[in-house]
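Only one chain is given next, in structure tokens, and it is the form predicted alone.
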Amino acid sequence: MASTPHQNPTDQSDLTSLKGRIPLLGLTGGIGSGKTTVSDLLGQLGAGVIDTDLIAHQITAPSGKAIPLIREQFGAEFLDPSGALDRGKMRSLVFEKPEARKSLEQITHPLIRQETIRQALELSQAGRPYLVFVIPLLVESGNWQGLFDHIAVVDCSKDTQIKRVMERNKLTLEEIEKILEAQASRAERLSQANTILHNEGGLAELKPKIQDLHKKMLGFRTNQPTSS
């Protein structure tokens, strides 16, 4: 069995130095909701964006920091010919065996959090007006409570999620259903939201909502919680 990364696992306390210095926005939503579209546009408006899903892909790419540990823990058969994580094969395994999911998370989560902290501290020093943390499993993880000054949830119907993921990721309905079952429900996510970005329509409909959120964050004072 592989050990977890040698670095000590970090937690949000490493980011508490930013509290009160720069507004911190947590951005979440279910698969296919449109989180990347929202974060990309906020980034274009000047926000500093840290995308934990992108970081997860980087550390499991060929020569990524997680690859040696994944090879040791699960075997080379869980890597594709390029040396990256075989995401389809790993997805099937973790849905079948919860203990495999825990083993994978023990490898990836500390590395993701380390890079999240590094990027956040770097962006905070670069003069960005606020930071956006894109965290797909923000509600599920339970590790981020109390860090963010504001939480925005990108929301759409289950049917819309399924359609988008089928078109984008070429997954089967069964695979998508399993992913949805493993994520928090819409009600659970929405209960944590300060701002809800409904995303059933196109970009033209979404842009004004993103601009409103941007203005809200620009006027934010970290000692005064905001609401929708």
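Numbers follow the displayed sequence, beginning with 1. What you see is a predicted model, and the numbers here were worked out from it, not measured in a lab.
FYI, the form predicted together with adenosine-5'-triphosphate isn't displayed, but the following is about it.
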Please tell me whether any heavy atom belonging to D53 falls inside 4.5 Å of a heavy atom of adenosine-5'-triphosphate, as the geometry stands in the predicted complex.
yes
Even though the partner isn't displayed, in the predicted complex is I210 close enough to adenosine-5'-triphosphate, meaning a heavy atom within 4.5 Å?
no
Even though adenosine-5'-triphosphate is not shown here, does I31 get within 4.5 Å of it in the predicted complex, heavy atoms only?
yes
Indicate whether adenosine-5'-triphosphate has at least one heavy atom within 4.5 Å of a heavy atom of L206 in the predicted complex.
yes
Out of the stretches listed (198-206, 42-50, 60-68, 184-192), which one is close to adenosine-5'-triphosphate in the predicted complex, meaning heavy atoms within 4.5 Å?
198-206
When you measure heavy atoms, are K97, S103 and K178 every one within 4.5 angstroms of adenosine-5'-triphosphate in the predicted complex?
no
